[in-house]
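For reference, the chain that follows is the form predicted alone, supplied as structure tokens.
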């Protein structure tokens, strides 16, 4: 019951934007965007874009954000422009293929998905020949990092994994890890794990 109350409070977009970075010890969005390594030529699909906190730090030619939370997306829509658009809900396939994305971002998404749900997402993302890279960043469990692990266990996501478990999931889903990194917050007591992934085959 207490967890449901906490999750409900954190789901309020402005609280999520203000409280979450503080609880994590100061999220360095510039560093996260640097890890994503998008370029001014990239067409970026941001799956689970939330309130668009990372968007001002990214470089791109065009950007499409998608999220299931209409409240978060309303907050993100303040950033809409000729090169930035958003789609609400899970019916994003048409806009995705029209974008012909070169990079897909899944920032803070995978730890909310079961293995089966993640594989279904990869199947939807895999067809475009233009797609060069999928980038994920998630909370994780790390050896001897008790505070990080406690806060990760308190996260709204029900599928927080160790780095090894994330990598096994990616491999099983037909994705090759080309880069992996631990990304600390400013105060360094919370750490995320980030990956660059390339599709190797259509998952079975």
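Residue numbers count along the first chain shown, from 1. Model, not experiment: these values are computed from the prediction.
What comes next is about the form predicted in complex with a small molecule, which does not appear here.
- Judged by heavy atoms within 4.5 Å of the small molecule in the predicted complex, the contact stretch among the candidates 166-174, 63-71, 140-148, 33-41 is 63-71.
- Proximity of residue 135 to the small molecule in the predicted complex falls outside the 4.5 Å heavy atom cutoff.
- Although the partner is absent from this view, residue 99 stays clear of the small molecule in the predicted complex, with no non-hydrogen atom inside 4.5 angstroms.
- Not displayed here, the small molecule is approached by residue 121 to within 4.5 Å at the level of heavy atoms in the predicted complex.
- None of the heavy atoms of residue 104 is located within 4.5 Å of the small molecule in the predicted complex.
- Every residue in the set 49, 53 and 156 has a non-hydrogen atom no more than 4.5 Å from the small molecule in the predicted complex.
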